[in-house]
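A single chain, nothing else alongside it, follows as structure tokens in the form predicted alone.
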Amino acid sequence: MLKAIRRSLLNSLLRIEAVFDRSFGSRLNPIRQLGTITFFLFWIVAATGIYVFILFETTVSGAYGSVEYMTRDQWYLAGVMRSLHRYASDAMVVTMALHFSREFIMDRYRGARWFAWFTGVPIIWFLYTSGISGYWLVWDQLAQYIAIASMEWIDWLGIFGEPIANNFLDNTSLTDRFFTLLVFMHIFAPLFLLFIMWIHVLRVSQPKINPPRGLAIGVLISLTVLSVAVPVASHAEADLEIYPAVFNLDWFYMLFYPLYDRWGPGPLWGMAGGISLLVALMPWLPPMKKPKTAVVYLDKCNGCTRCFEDCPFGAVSMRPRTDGRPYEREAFVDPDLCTSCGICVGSCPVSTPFRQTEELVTGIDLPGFPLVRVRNDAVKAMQHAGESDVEAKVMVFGCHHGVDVKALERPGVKALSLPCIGMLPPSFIDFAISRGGMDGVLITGCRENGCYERQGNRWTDDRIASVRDPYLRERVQRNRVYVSWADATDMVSLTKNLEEFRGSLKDMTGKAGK
């Protein structure tokens, strides 16, 4: 049931991403950059927050007046900074929620990826703590309502000797000392948030935390225009002698406060804790059936470090040699980090199908999907394609997360799917054309900048372009190799590209015949 729901959501997500790809291009598609945009928004919030803090008066009597000065007297700079601070904070909630949703829909939160998902839960808590504590400092009637409700909610836990909410009994009970404590809470909560965000990407190799420059500039300009067009304004000044009843809530951060008024602290704590626990345990509900992880064969490993450099999740490390062979290092695979994508297999210089006198064994391989199986299946497929008398015979290599390449098969066209296209050594392209009798090879997989395993299509592009080891040999005519990245919903466009590719191959073979 859950699998069917996710598949339906995934198809919808891929179609939406396709629309954004056409508008922005895959590299600048904001849906593919939700995580990096969230990091960028944090820096906007931090930078604007520093400027606002310089002009902010950290006393009960002066806080509201200093914020009003920024909003009204220095609206052209400090007022814009305040609005930008608010809107970037709201945008962080949106991008974070979309990022969580996208990772769930794409099933990129289980197995070895559990750590990033699990550490995302405290990120939610610290983000909300940072945002809500900022509203206290304005010290208008909204801040009064939020501060009192928040303190009563915390007091319900009974962890403090004296109820914190007592500091808000009347105008004389709230001191500058306590108000300064609220200021420090708003300063240190974002610091803890940044620390958890760093931990969040700690187990990811070569993590991307900065969006492309064009996208970053676009986000900044959009938020700045919004800040100028719709500046943030305060409510009336707080007065603890009255109970304000009408507010303009920021629904990004204050969604639960109406529930607090209706339910009280206990049920709300239960809901918040229950949802957090459920989200944190999702990688194991149900547990993922993990495929066999990559294995190093030391008799074939020369310690070249290519698998170490290409692994997208840092599962491969280099250690001192243990078998006495005359190499300095050997590869080691951490099974807790390995996603069994096979990208390391595609990077190994020993991964070549041209061997004739010995069994195909690589320096690193997937026991559940060994390279010898890839060669045998490819040879069998190419033999079947060769039996056809059609022109322009093509071998298609794809991945399990993109288009179902088997649906592309027809006379003269055979296909083979891999755990990730990055598993395919470039020598297999050479082998298909020089030994397999194929006129051309079509490479496909997840959409550009959308690889399920993060780097598979990128490393494949670089290997074919001879800018990353292992290179595709220069003897292979590049016009006989066609790369068309396509997701599961792109069958029509991929089929069209295949036929256009076959047409170009027919033209080449026709000219060669003449």
Partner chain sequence: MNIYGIPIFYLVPLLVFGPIFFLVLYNFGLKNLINPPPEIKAERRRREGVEKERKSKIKRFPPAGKKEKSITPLGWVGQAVFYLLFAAFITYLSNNPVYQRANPDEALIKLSLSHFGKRKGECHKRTSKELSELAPNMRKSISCPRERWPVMVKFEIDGNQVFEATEKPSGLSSDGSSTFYETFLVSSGEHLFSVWVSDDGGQEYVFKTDKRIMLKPGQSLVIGLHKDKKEIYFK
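Positions refer to the first chain, counted from 1. Just so you know, these numbers come straight off a predicted model, no measurement behind them.
There is another form of this protein, the form predicted together with the partner chain, and it is not shown here; the text below is about that form.
No residue in the set Val228, Glu237 and Asp404 has a non-hydrogen atom no more than 4.5 Å from the partner chain in the model of the complex.
Exactly one of the stretches 329-337, 156-164, 405-413, 362-370 approaches the partner chain in the model of the complex with heavy atoms within 4.5 Å, and it is 156-164. Though the partner chain is absent from this view, in the model of the complex it lies within 4.5 Å of a heavy atom of just one residue from Leu215, Leu137, Cys301, Met81, which is Leu215. Using a 4.5 angstroms threshold between heavy atoms, Ser466 counts as touching the partner chain in the model of the complex. A residue is said to contact a partner when one of its heavy atoms sits within 4.5 Å of a partner heavy atom; Ser23 meets this definition for the partner chain in the model of the complex. Interface residue remark: Pro244 is counted as part of the site for the partner chain in the model of the complex, having a heavy atom within 4.5 Å. Using a 4.5 angstroms threshold between heavy atoms, Leu169 counts as touching the partner chain in the model of the complex.
The partner is not shown here, but in the model of the complex the stretch 454-475 reaches within 4.5 angstroms of the partner chain through a heavy atom at Arg458, Asp461, Asp462, Ile464, Ala465, Ser466, Val467, Tyr471, Glu474.
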